[in-house]
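Heads up, the chain shows up twice below as structure tokens, two forms, tagged structure 1 and structure 2.
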Structure 1
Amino acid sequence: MPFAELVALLTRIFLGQGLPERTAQVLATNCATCQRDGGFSHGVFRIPAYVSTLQSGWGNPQALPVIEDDGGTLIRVDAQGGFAQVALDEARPLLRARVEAQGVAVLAIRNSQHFSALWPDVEPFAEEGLVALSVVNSMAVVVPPGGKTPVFGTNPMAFACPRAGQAPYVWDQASSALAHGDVQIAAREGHRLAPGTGVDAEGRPTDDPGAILNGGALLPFGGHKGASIAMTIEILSAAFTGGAFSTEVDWSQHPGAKIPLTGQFLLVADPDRGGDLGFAQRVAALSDTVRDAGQDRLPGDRRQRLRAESAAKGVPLSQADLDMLNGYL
């Protein structure tokens, strides 16, 4: 399906759930972008959970974000229970202007729902020659090493920067051993998971996605090292922004809610501020050095390839995907 058609289809679905047109378009573009670029665990796969959450009365998805700005480096936004992507869209012009004026700026979003990949939030800044780093926490589904009780979210982090003569360097990864959406897909398709991915309800290691989803939990990647990163993301996304910790997400009174209401931290900087140091050229040279050392695929390479294929052949959708989407119209 052509990308524009998928965006239009998803927009109709979100409008049908009562979302304002701008919110519907932002979410539809975000979801379609993930599907187009091969992020299937964050693409149309998530539409049922979006709909379920919207129908549950969770959060305030129709809310308009409120920008709190004192003219300094830090810009705060209260999403008021709405979506983080909409808050970012609202604050983006001011964020860009502040980076242009000061060389660096931080966006701290609180009371925000985030249910997508994180790289679409940062890549546009790299396309403009800026460096961007963002983190977001989620619902508690990750245990600390040796634990049985989930404390952290999957807590992804994403980074993007310009690269001369090449697509921007962009990576996006969870601090958990696997993204929660990938565990859901594995359970749906009957796949086992790699050792070290999660634990069951008793804290015992398991490769069964069903056991992880039903009373169990994911593990951080790299043991204590991943846990340190997950905790840092909790601090930046919740303590710094004023959002909820992953353990504070309580949707028990909203059956069907699936989207965490927490916070997001975003740092944007101009690498050429104060003089041209050849930043983009150096990043390109380093990328080439890594490839020459034997790494045949750098972060973002697969996404760029799939993006080009989607542009030529259309965004890949299975018949089951189409049936599911049409069922919401």
Structure 2
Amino acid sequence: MPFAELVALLTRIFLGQGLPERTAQVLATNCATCQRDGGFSHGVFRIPAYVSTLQSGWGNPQALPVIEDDGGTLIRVDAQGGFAQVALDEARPLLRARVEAQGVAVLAIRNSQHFSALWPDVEPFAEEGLVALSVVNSMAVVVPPGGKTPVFGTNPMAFACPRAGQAPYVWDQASSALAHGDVQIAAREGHRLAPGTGVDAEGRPTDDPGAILNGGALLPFGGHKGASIAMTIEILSAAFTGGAFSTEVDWSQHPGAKIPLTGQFLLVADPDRGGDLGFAQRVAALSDTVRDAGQDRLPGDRRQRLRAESAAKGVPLSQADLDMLNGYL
């Protein structure tokens, strides 16, 4: 399906769930973008969970984000229980203006639901020549090293910056050793996991995806170093923004798909502020250096390839996807 057609279809589905026009457009574009670029776990696969959550009244689909602007470079937004992407969309013009005026600014979103990939939040800034770094926390499914009680979310971090003559350099990675969805896939397909992926219900290291899913938990990537990053993402996404920690998400009244209400931190900076240092050219040169040194694939390469394929042949959708989507119309 052509990208624009998929966006229109998803927008209709969201409007049908009672979302305001702008909210429906933002979520539809985000979801279609993930599907287009091969991020299928954040693509149309998520529509039933969106619908379940919206119908259940968990969170606040009618939320209109409230921007708290005191004229500085730290802009706070109360998402009012709505989706973080909508809060970012609402605050973007002010954030851009503040970066233009000052060189660096931060957006701190709280009371927000983030139910998608993080890279779509940062990539557009890189396309405008800016550097963006964002982190978001979620629900506690990751134990600290040596622990048995989950305290961190899969807590992704994403980074984007311009790269002359190439697509922006963009990455988005969980601070858990593996994405939760990949553990579910391994369990379904009967695969064992790499050492260091997770622990069982007793806190013992395990390579059994079933043990991780049944009372166990994931570990941070990269041992203690990854744990520092996971904890810092909690601090920036929740303590700094005023959002909930991953352990504080209150599921007691939760009726729909599990979408945590937490926070998001986003730093945007202008690399050309103070004179042209050839930033985008140097990032391109560094990318070439890293490829020449032997790293076959840089973050984002696969996404770019699939995006080009989608542009040429349409966004891939299975018959089951189509049937599911049409069922909501």
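Quick caveat: nothing in here was measured; it's all calculated off a predicted structure. We call the rigid core whatever largest set of C-alpha positions still superposes within 1.5 Å between the two forms. Start at 1 and count along the sequence of structure 1; that gives the residue numbers used here.
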Structure, 1 versus 2, that is the form predicted together with a further copy of the same chain: 2
Cα displacement of A194 between the two structures reaching 2 Å, rigid core superposed: yes
Core-aligned C-alpha movement of D172 between the two structures, 2 Å or more: no
Residue shift check between the two structures, rigid core fit, D78 Cα at least 2 Å: no
Rigid-core-superposed Cα shift at I185 between the two structures, Å: 4.5
